[in-house]
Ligand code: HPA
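Next up: a single chain in structure tokens, the form predicted on its own.
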């Protein structure tokens, strides 16, 4: 059943969906890695595709930027299209000193400066947490793929340009990196009784004034994408 944001019909998405923020990255993944890929959504340019990765039916759907956009698309995938697993793949700025450029972060949990959780009317502070099923599969896939990766807490921020300059404050709590979508994804998954995970590539280290080149980002994105695809394929076999 189409929504105001998605023209797909129920059944057009696989039970596991990879979610990059960038629609063109979704298209790149579909064209490079999925066999028999078909475009299932073009509304607002938020491209979605379904195909087969090594014989396993998988989908990829762009989420856009920020928690409101992720909140819309992940909610509809879980609640309307009956998706069971969403794996976000994106970029992050490193916060912890031990996290370097081009390395991956697998997010166990999300700290956030957002008020997204207020909608649930909870009598306390909710801790958005990844699915153990997806987390354990991703760690195994990352170990097999090779390369440096970190597992821990990230910060999901509503602000890209932080006027308060607060990253050093988060650093003292050993937060690994900063991005803008995962807390909403993890909360939507919990509310829907589904599974979610975020895998990130470190594209810059703002506290150290370091950043990757366009070529380096492309190469490192491949490592993250392939780790996520192997995670998705493994989960589909459980």
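None of the values given here were measured: they were computed from a predicted structure. Positions refer to the first chain, counted from 1.
Although not depicted, the form predicted in complex with the ligand is the subject of the following passage.
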_With the partner left out here, check for me: in the model of the complex, does some heavy atom of residue 68 sit within 4.5 Å of the ligand?_
no
_Proximity of residue 195 to the ligand in the model of the complex, heavy atoms at 4.5 Å_ = no
_Please determine whether residue 203 contacts the ligand in the model of the complex, using a 4.5 Å cut-off between heavy atoms._
yes
_Residue-level contact is defined here as any heavy atom of the residue lying within 4.5 Å of the ligand in the model of the complex; does residue 138 satisfy this criterion?_
no
*Considering the ligand in the model of the complex, find the one stretch among 144 to 152, 121 to 129, 106 to 114, 90 to 98 with heavy atoms no farther than 4.5 Å from it.*
90 to 98
*the ligand isn't shown here, but in the model of the complex which of 46, 40, 30, 180 has a heavy atom within 4.5 Å of it?*
180
*Though the partner is not shown here, which residues of 157 to 173 have a heavy atom within 4.5 Å of the ligand in the model of the complex?*
160
